[in-house]
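Take a look at the C-alpha cells below, where one protein chain is shown in two forms, each on its own, as structure 1 and structure 2.
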Structure 1
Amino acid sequence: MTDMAWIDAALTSARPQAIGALLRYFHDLDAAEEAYQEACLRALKNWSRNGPPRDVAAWLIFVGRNVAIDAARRRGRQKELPDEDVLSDLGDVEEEMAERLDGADYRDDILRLLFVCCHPELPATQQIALALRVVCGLSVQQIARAFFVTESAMEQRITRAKARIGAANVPFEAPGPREREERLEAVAAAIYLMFNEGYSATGEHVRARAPLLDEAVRLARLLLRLFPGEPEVLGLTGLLLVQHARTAARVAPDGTIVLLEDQDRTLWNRTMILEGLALIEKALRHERPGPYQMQAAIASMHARAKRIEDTDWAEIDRLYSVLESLQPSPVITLNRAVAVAKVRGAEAALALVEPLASHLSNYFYFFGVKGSLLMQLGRDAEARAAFRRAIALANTVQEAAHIRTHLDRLIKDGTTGDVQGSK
C-alpha cells in the first residue's frame, strides 16, 4: 500500500525535472504542463496499485511524453488509443528510461525550465508568477492570493508571460558554460525576489504570502542540488534558510511583525538554522565572496546569538563593509549604520547616515534609523522631525505604529525642546 502523502510529495519534488524534460520535447510550456498533469493522474492510479517506480521523474517524463504523442496522433488520424492497461505496463521501458536520464540531463532540463521562467524579457513579477505556476505547480488562485490580484488578472499575467516567451524564441538547446553562469544569476535573483516578496508581507497578508517563502526555499535547494559547489548558490540557500527559520517568531498572532530584538528565539527553527549555517560555512571556504554569501553571513550572526545581547555587532559591521564594497548601495550603508551604532556609538553611525539623505529622502527606514540615532544623542527636536517624516512614509499601519511609540516616548519625556521640524 503506497502512502498517498508520499505520492503527493514525490510528484511535487519531481515536477521541475519532469516539466523541464517535457519542455525539451515539446518546446511549449502549455504542452509540457498538460502532459505532466496527465502523467500525474496516471501516477495516482498506477502507483497506489503497483507501488512507486524506482525513478519517479523518469516515469512521469516517459508517460507524459507518450500520452501527449498519443493525443497528437489521435487528433491527427482519429486512431484508436491503446488499452489503458497496456499503456500503464511500463516496467522495462521505465528502467531503460531511468538509465538514460542521468543527473546531467536533469540539470540542464531544470536549469532551462527555470531560465525560461526567469527570462530577462519578462518583468520580475511575471518571472516569479510563472516560476510559481510552472516550476512549483502552485495554482493560479494561490499565486493570485500571494500577489493580491484577482484570479483572472493573474491568469492573464501568466498567459501574457507565456506568450512573450513564445515570441522571444527562447533557444532550447543545452546552455553553454557562459550562458549557464548568466542564467544561474537570473534564476538566483528571481528566487531571492520571490522570497523577499513573501518576507516583506505584514498584517493580514502574512499568511497569504507564506507559500512564497516555502517555494523559494524549495527552489533554492533545488538549484543547490544542481550546483553543489557554487558559493553564491550555497550563500543564497543558506540565507533563505536562516531567514525562514525565524518565521514562527517574527509574526505576532495579530499579524504584526515582531522585530528581531523582540523575537522569542526559542521559536526559531533550529534544524533550518543549522542547515543554513552549514551551507554558509561551506560557501565561505571557497573564498569567493559575493552579495548572497555576505547577506547570509550577516543573517547567520543573528541566528547564532542565543540572546540579542550575544549579537556580535563588530563582526556584522565588518561583514556589511564587505557587502558594501561588493554591492555599493545607500540601503546597505544604512543597515551597516545600525551595527556601527552598537559598536562605535550613535555619533559614528549618524556620520554614516547623514550623507545618504539625498538618496533616501523617501525611504521610511532612513528616517526611522536617523530618528533613533538622534534620539540616542539627545537631539530630541530633530529626532521628532525624523520620526514624523518616517510615519508619513510608512508602508504599513504596523510600521507607522512602531515609530509612533518612539515619538510618543519622546514627547512624554517632556523635553520642552522646540517643535520647529513638525509635520
Structure 2
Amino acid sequence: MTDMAWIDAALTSARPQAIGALLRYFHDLDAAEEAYQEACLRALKNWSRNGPPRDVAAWLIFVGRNVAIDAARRRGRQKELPDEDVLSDLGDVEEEMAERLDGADYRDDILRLLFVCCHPELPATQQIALALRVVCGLSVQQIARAFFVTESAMEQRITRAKARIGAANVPFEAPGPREREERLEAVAAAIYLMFNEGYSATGEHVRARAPLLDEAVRLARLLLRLFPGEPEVLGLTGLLLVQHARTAARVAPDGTIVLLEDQDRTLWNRTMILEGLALIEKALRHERPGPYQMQAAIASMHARAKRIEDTDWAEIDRLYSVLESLQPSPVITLNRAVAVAKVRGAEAALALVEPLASHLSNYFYFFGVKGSLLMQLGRDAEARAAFRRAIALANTVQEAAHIRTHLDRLIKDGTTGDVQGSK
C-alpha cells in the first residue's frame, strides 16, 4: 500500500472517534469538522515523513484541538501559532489519550454524535444525510447515491441541516432515554447506510472502505446495548453481521466481483454468521416484524445454505413479499425479482421488473437484472441493449467489466445464464 493509501485508510477509520471527541470540546459542528480537517492536513505532512503515530485517533484529536484553540487565540490576541515540531511532539500526551480512547467514553461519543445529528429539529432525510457526512465522513457524492438524488441537491440538504442545527442552538449533550427512543429510527438508518456504502465497494476501494463495515457493525452493537429488547435493532445488528461475514469471498484478488452463487463459502466467517443468526432468531421471536428483520431473515437464508443449490428461494420470495408490504420500494421489488426468477422463471420475474423502469431509469442494477432475464428468455437484442445501458451507468470499473464479460459472451455465442445476482 502506498503512503497516501494507508494514510487515507487510517484517517477514514479514525474520523468518527476524532469528530465525536472534537465536538465534545467545541460544541459546534463546523468547528469540529474544521479542526479535524486541519489535523488531517498535518497528518499528511507528518506521517509520510515519520510514520504513523501509535494511536491515530488520539493524534488527530490532540492536534485538531490544539490547532483550533491556537487559531482562536490568534484571532483574539494576535498570538502566533507554535512551531510544527512542538505540535507534533506528542510523546506522553499521546499515551494518555490512547488510554482514554480505550475507555467507553469515546466510543459512546460517536453514538452520541449520531443522536445529535438526528435531532428532531431536522427533517428525517436531513438527519440521516448530516449523520452520514459528519459522523461517517461519506462524500456528498456517496450520500447522494444512497438517496437517489443529485449531488447538488444533497449538498443543499446538508448545508440547510447544518444551518438549522446552528440556528436552533442544539445542545451537544447526550440525549436522555426518551429523546434516544424518538431518534432511534434515524440513527439505525444512518448506521445501515454507512454499512451499505462500505459493502458496495469494489476493486481497489474494498480495502479502503473496510473500516466503514467494521465501524457500522461496532455502532450497531453499541446501539443494541442501549436498546437490547428492540427487535429492529436486533435485526439490524444481525443483518450487518451476516452480510459482513461474506466479505472475504465477495471480491477476487484482482478486484473482480464474485456473485453469491460463485463464492467460496469456506471463506465465510462462521463465527460472525452464528452470532448474527442468534440475534435474528431473537428478533423474530418478538413477532413485531420490521424492515431490518425481514432483510436479516433473507440474508440468513443465504447464510444457512451450504451450497447455492440448497438455497430456499421460495422462502426468500415470501420474505421479500413481506418486506415489500412493510417498506414499498422499487429497489426491493427489483431484488425480489431475482428470487422470483429462481422459483417461477424469468418471465414472471420480468413482469415484476418492467414496471420499475420509470423509477430506476438511472440505476445500474436495474439494467443488469433486466438484461439477465431477457437473456434467459432468448430476447438477445433487448438483452444487449439493457447490458449496454448498465455499462453506461456502472459506478465502478469492476461493475462495468462484470457486465461486459456477459455482453461479449452473448454477442459471441448466445450463451445464457445469470448476470446480476446478490453480491
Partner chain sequence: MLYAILCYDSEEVVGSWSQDQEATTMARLAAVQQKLAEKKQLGPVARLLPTTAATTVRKGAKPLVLDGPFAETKEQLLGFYVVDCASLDEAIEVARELGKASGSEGAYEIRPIATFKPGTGVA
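Residue numbering: sequential along structure 1, first residue numbered 1. Rigid core: the largest C-alpha set superposing within 1.5 Å between the two forms. Please read these numbers as outputs of a predicted model, since none were measured by experiment.
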_Of the two forms I pasted, which one is the form predicted alone: 1 or 2?_
2
*asked:* Please determine whether the C-alpha atom of residue 160 is displaced by 2 Å or more between structure 1 and structure 2 following superposition on the rigid core.
replied: yes
_Large Cα move at residue 127 between structure 1 and structure 2, threshold 2 Å, rigid core_ = yes
*asked:* Superposing on the rigid core, I want to see if residue 256 changes position between structure 1 and structure 2 - specifically a Cα shift of 2 Å or more.
replied: yes
_C-alpha positional change at residue 118 between structure 1 and structure 2 - rigid core reference, Å_ = 3.9
*How much does the C-alpha of residue 59 move between structure 1 and structure 2, in Å, given a rigid core overlay?*
21.2
*Cα of residue 28: shift between structure 1 and structure 2 in Å, core-fitted?*
7.1
